[in-house]
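Below you'll find only one chain, the form predicted alone, shown as structure tokens.
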Amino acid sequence: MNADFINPFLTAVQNVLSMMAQIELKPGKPQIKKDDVARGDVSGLIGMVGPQTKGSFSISFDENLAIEIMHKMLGERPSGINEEVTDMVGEITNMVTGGAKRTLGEKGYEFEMASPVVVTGTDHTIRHKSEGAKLIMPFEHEAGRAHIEICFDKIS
């Protein structure tokens, strides 16, 4: 997978969480993911389609990190993942993808974005609707981990 294509998503995740929640994530080492099991308790997934390629992006949060983000963004600290937390994860998914879409658009890649879907629960699955490899990137924070996944068909 092309780093010029991946980096806008990595940058957008860090920018959105830093700006909206004053959360600084420490990036880990990217890997190719072989299964569909999410690496968190709540995940947002969004599809993207354009003339050059199609793919999807997801972001998964440990429950404690999602609650910490909710607390920092809205001043609320729910006792668990609830409708407000899932709405927030969907909005974060949208903002990150929108940020990456802008950067990629400047490089000549145009996309239409679908509405995000949010899934919760231990060991839930994320199914990317693309033939490409799934790149997974972990992030660390004292409140928990986040993982982003990026999967695109071959980019032309």
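The first residue of the shown sequence is 1; numbering continues from there. Just so it is clear, the structure is predicted and the values come from calculations on it, not from any experiment.
We do not show the form predicted in complex with another copy of the chain, though everything after this point is about it.
Only one of 22-30, 64-72, 102-110, 42-50 lies within 4.5 Å of another copy of the chain in the predicted complex by heavy atoms, and it is 42-50.
Although the partner is absent here, G121 sits close enough that one of its heavy atoms falls within 4.5 Å of another copy of the chain in the predicted complex. The closest non-hydrogen atom of I92 lies beyond 4.5 Å of another copy of the chain in the predicted complex. Not displayed here, another copy of the chain is kept clear of E76 by more than 4.5 Å at the level of heavy atoms in the predicted complex.
Another copy of the chain in the predicted complex comes within 4.5 Å of no heavy atom belonging to S60. In sequence order, S115, P116, V117, V118, V119, T120, G121, H124, T125, I126, R127, H128, K129, S130 are the residues of 115-136 having a heavy atom within 4.5 Å of another copy of the chain in the predicted complex; the partner itself is omitted from this view. The pair D123 and N64 is at least 3 angstroms closer at the CA level in the predicted complex than in the present model.
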